[in-house]
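Below you'll find only one chain, the form predicted alone, shown as structure tokens.
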Amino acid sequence: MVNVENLNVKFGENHVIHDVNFIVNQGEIIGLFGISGAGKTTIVRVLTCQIEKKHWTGNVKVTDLSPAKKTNHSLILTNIGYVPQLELLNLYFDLSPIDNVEVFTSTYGKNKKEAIKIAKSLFKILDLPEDTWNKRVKHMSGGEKKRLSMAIGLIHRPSVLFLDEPTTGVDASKRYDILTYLKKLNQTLNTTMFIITHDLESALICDKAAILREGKLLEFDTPQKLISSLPSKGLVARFTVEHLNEKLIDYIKKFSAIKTLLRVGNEEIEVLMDDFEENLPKLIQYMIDNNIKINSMSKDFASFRRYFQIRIQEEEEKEKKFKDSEGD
């Protein structure tokens, strides 16, 4: 469906994407995760024919067509859909949802009657109230506008849908609803989806997660496999420590089995260790023996958010060591 081999992107002397490789199968949901400047949008711009071939090298296929050939661009663009971060970029707020569909279909040269039939089926999947279909979009709630924007991106039944920050601008309590609807669309239509986001909770619905930093693809795998690659397959001990400070943290880190210790709250830490079940009682005893007061302790598996934080931190430390060695 989407194949990227040795993708490099340069603008003059600025090398922004470095040797990126991944394969995406039909019907998969892919999360592109990274902070601003990680390279997410640049990769998507290559896949969607927005960057001239003179600026990139590599073997790239989107729906089995190469964006390197300008003659393929119209076919690729017919096969893909795009949902922007801001609904005002693909919706006319003074028109109704049905009117928006008609404008979209005229732009794409699609059959209006068939498009409205598809739109109504999508509206039902997305639980858009029928009494809103012929009212102005500006009167819809934020969540309804977001869902309408998704429907518009799918009217022409694309094989691949790109979604830019789909949970941005939605109340925190509604973010999971948006993700649930995306999964529902994916399972109903078998549409391949790329979610471009810094919202790490989106990994909950992703088949594969791509972690990017400074134009490099650090990881590409299922969120579950990435978490399982952590010490003891991602088991975490979470402690609430009275009067927690950096001095206490440094002291706890001296326990030899600890691989990663993260401060996750004012008095909370999370610890990853080798041989978790064997070493957890020893760590607790070590803390007690050193007058470190534990107010509570729990066990859990690391979240994708925690994995992402650890993986980026590892890369930053590696980079720092390299720079320090160069300075010696």
Partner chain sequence: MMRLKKKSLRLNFEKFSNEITNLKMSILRIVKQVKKEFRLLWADKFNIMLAIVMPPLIIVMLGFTMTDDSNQMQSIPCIVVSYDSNTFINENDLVESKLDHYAIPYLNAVNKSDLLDLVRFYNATEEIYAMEQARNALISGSIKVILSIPVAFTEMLEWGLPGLIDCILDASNILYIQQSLNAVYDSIKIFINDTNLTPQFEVHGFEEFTIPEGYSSSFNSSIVMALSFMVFGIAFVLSILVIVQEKPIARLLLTPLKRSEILTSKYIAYMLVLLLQVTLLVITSLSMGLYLAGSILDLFIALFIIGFSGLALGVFISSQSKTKTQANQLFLAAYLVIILLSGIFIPIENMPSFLQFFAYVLPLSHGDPMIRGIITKGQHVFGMHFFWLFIISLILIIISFVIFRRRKYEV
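Since the model is a prediction, treat every value here as computed from it, not as a measurement. Positions refer to the first chain, counted from 1.
Unshown form predicted in complex with its partner chain; subsequent notes refer to it.
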item	value
Contact residue in the predicted complex, from Leu230, Leu91, Ile205, Leu185 (heavy atom within 4.5 Å of its partner chain)	Leu91
The unique member of Leu189, Leu77, Ile98, Ile249 whose heavy atoms fall within 4.5 Å of its partner chain in the predicted complex	Leu77
Non-hydrogen atom contact Trp133 with its partner chain in the predicted complex at 4.5 angstroms	no
Exercise: Thr107 in contact with its partner chain in the predicted complex, heavy atom 4.5 Å	yes
Distance check, Gln50 to its partner chain in the predicted complex, heavy atom within 4.5 Å	yes
Leu212 within 4.5 Å of its partner chain in the predicted complex, heavy atoms	no
Output flag, Arg45, Tyr82 and Val103 jointly within 4.5 Å of its partner chain in the predicted complex, heavy atom basis	yes
Which of 82-90, 166-174, 123-131, 241-249 lines the interface with its partner chain in the predicted complex (heavy atom within 4.5 Å)	82-90
In the predicted complex: members of 140-160 within 4.5 Å of its partner chain, any heavy atom	Ile152, Gly153
